[in-house]
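Next comes just one chain, in structure tokens: the form predicted alone.
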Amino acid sequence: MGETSKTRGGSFRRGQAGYEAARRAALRNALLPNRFPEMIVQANDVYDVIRAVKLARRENWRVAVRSGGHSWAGNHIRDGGMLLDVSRLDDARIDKHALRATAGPGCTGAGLAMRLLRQGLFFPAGHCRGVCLGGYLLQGGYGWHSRVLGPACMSVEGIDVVTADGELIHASADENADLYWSARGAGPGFFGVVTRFHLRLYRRPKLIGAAVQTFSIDKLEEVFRWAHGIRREVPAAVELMLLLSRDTPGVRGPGILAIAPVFADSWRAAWDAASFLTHGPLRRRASLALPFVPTGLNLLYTGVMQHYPADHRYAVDNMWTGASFDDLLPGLRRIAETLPAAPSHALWMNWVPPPSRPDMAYSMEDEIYLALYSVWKDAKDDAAFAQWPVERMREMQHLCSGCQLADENLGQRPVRFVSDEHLARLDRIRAERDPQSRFFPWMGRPNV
């Protein structure tokens, strides 16, 4: 089930009582875009979804879909058309012996992950609490242990989906394979409403923990050059992340948090995997150094959520890059010089994907992931905070190979989110499956 109980959903036309509350509730980001659907439908079950899509056909409305509302840019909140909220489709069923599960799009990844752990199972759920599976899996799914298990969409074996004509069908590698291919990576541009995911599960790693070091900002070049230099040497069981913030533990003023979450099956394996950090060349330069400590997944979630508080306003942008460190350094320095107050932060992640992936729409990744998160509380500070991420990303555009859809800002900065070949294939399938353009495309591509 989802992490919080939900009241029964309703339907709200623009101007009716309850409409604005429903529009506000559809987005976690307190910075609500000035966009207004004609109607908001909060589906309670798959039959509500079918009825909603058929109503959109009769009214000639486009449809945008919301599962958890964690799109920073509010991709699902559009002018005109229908906002279809499927967050109440949140049940999950686990078959421990078959290593399989089914889950609704409103099921939270963290909630599912914690249930699985109690049964000795694992799924690469997202790094933040509250993120629901619908948008997370459609956009790729960068989560815990994904450097070993792959983006979570690789563990989707099938979907139940309501198509543009209001028909409920199943899609897998053997049935409606074009929709199955598209659903694994199309993100908010997917042309259907997924009502259930069929998932492959894994055995739980026996040991989950992390090693941590922090550094003062004057060591920026030294720390990031080191991270870039070892990017291909970091064990796949580790997710090395550097977080640049004005509030860093053990540091007076701005600093860098280096954290290495580890997923392993023994103490020795975990210790060895973290040794590149705990016994690395920068350990004596750290302001704070913690060796590998078993934390469990729940504590990792708690640590992450300190940087993403509720009831705050967010502006976010990101890029994949394979550029040299010398080319990246001026942009990193500019990010540090202009960094807004905490909890705003910059995130660097050593990703280094394998040379090939299964054939699916997902097709955009690179060695380094760089994302910027501007986070503030008061609307009066919008002018000071809102443009920081996109301005810094524009300055580094020449180093950008693409973006990750989880942190997209396509409405302000259109950029590649799948390969050109796969985007052309997505457009062909969309033209066949949704010839009337019933579903909104990605922001930044208004004429699709």
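Note that residue numbering follows the sequence shown and begins at 1. Since the structure is predicted, the reported quantities are computational estimates derived from the model, not experimental observations.
Beyond the structure shown, there is the form predicted together with a small molecule, which is absent from this document and is the topic of what follows.
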Handout entry: One stretch from 207 to 215, 271 to 279, 356 to 364, 70 to 78 that, in the predicted complex, holds residues within 4.5 Å of the small molecule by heavy atom
Key = 70 to 78
Exercise for the section: Could you work out which of Leu372, Ala103, Ile256, Val193 is the residue within 4.5 angstroms of the small molecule in the predicted complex, going by heavy atoms? Expected result: Val193
Exercise for the section: Taking 4.5 Å between heavy atoms as the contact cutoff, choose which of Ala227, Val131, Ala164, Val238 touches the small molecule in the predicted complex. Expected result: Val131
Problem - Non-hydrogen atom contact Tyr142 with the small molecule in the predicted complex at 4.5 angstroms - result: yes
Problem - Non-hydrogen atom contact Gly185 with the small molecule in the predicted complex at 4.5 angstroms - result: no
Exercise for the section: Look up in the predicted complex whether Arg28 has a non-hydrogen atom within 4.5 angstroms of the small molecule, and give yes or no. Expected result: yes
Exercise for the section: Using a 4.5 Å heavy atom cut-off, state whether Leu138 contacts the small molecule in the predicted complex. Expected result: yes
Practice task
Give a yes or no on whether each residue among Trp181, His422 and Arg438 has a heavy atom within 4.5 Å of the small molecule in the predicted complex.
Solution key: no
